[in-house]
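As a starting point, one isolated chain is supplied in structure tokens, in the form predicted alone.
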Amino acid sequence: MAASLVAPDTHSPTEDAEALRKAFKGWGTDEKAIISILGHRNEFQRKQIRQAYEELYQEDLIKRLESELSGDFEKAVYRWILDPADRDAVLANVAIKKAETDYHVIIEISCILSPEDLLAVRRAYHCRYKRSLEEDVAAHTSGDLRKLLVALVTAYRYAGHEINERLAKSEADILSDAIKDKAYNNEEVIRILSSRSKAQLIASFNRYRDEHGTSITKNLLGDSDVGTLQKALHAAIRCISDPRKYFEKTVRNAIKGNGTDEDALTRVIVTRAERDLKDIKELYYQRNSVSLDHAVAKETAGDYKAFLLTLLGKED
């Protein structure tokens, strides 16, 4: 996995904090200075800067940034500067609170993070909102979608690589029958997707492909009339089997068509910059024959654009 973030090996948290303070002073905020510092610091370094800023000025850097910046740029910087578990808790809360819950975000967090990271997000959510992530998911969704999301979000999967081939075959058959019968809300389907390790699930998905000559995701969306539950199952399977492909498509959908989905674009860039954004960029180029930097630059503007391009690893 290759990150796109370009961060120095050494930095002085105190100097960074002082430079940020200077960027807030005067007539207008110096956004370029903020981007050049925060856009080149990894998770640990950003935490050090927040602590140094607090010690020097008895002020919360995150709150200060919120008051100095605005719009999509403010949102992106805010999400970037948080610890990853806390950031995912915020993203989950925003997704849950939408008029129609954005279940993709809940699925990404549940199916892509490691079991330990998912646990950390649930703790951070609890701490921030004084409610559990699962109770909020349950309160804002209903029916079969609720069953699936609550099962995914409360999962604590085995994280090792051992797999059981016999189990892979029998569970590939269960999934196959459910798809054939259009019984997408089958409890066995939800049990399999929410309890098995990723390695075991990938073995089942591969088994399915071997037996049917086509991927489970293709067959799942084979109908002309695709319901929300099918789409959610499809997203979960893609997040488990190939997160990078899933994110490439999320970014592509965010910037194509009329108007950009800034929320989705920011989410992918901010959450993947320190993980595998370089790989996602390569995939994007293969699929679209245009670089992601170029596509993002075309669809965004101002400080927001400059910040995203910095996280994408574009050299000034």
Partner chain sequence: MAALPNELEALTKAFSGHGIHEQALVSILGKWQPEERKSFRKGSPHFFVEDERNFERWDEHHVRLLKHEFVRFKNAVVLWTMHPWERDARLAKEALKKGPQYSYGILIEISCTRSAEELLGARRAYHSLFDHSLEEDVAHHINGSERKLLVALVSAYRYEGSKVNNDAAKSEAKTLFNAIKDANKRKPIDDEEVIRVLTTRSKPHLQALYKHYKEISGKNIDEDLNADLRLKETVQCICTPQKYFSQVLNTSLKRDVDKNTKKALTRVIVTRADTDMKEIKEEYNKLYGVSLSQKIEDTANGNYKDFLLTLIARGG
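Residue numbers count along the first chain shown, from 1. As the structure is a prediction and not an experimental result, all values here were calculated from the model.
Keep in mind the form predicted in complex with its partner chain is missing from the figure; the text below concerns it.
Practice problem: Answer yes or no: in the predicted complex, does its partner chain come within 4.5 Å of a heavy atom in every one of 146, 156 and 167? | Solution: Verified in the predicted complex; spot residues all in contact, yes.
- Message: Against its partner chain in the predicted complex, would residue 116 count as a contact residue? Criterion: heavy atoms within 4.5 Å.
- Response: Taking the distances in the predicted complex, the answer for residue 116 is yes, it comes within 4.5 Å of its partner chain.
Q | Exercise: residue 126 in contact with its partner chain in the predicted complex, heavy atom 4.5 Å | A | Yes, residue 126 lies within 4.5 Å of its partner chain in the predicted complex.
**Item:** residue 98: touches its partner chain in the predicted complex, heavy atom cutoff 4.5 angstroms
**Value:** Judged by the heavy-atom cut-off of 4.5 Å, residue 98 is well away from its partner chain in the predicted complex.
ask   = Taking the shortest heavy atom distance, is residue 196 within 4.5 Å of its partner chain in the predicted complex?
value = Yes, residue 196 is a contact residue.
Among the candidates 132, 93, 185, 176, the residue which, in the predicted complex, approaches its partner chain to within 4.5 Å (heavy atoms) | Selected residue: 132.
What is the one choice in 207, 238, 122, 79 with a heavy atom within 4.5 Å of its partner chain in the predicted complex?
In short, 122.
- Item | Stretch from 158-166, 70-78, 226-234, 209-217 whose residues place a heavy atom within 4.5 Å of its partner chain in the predicted complex | One stretch meets the cut-off, namely 158-166.
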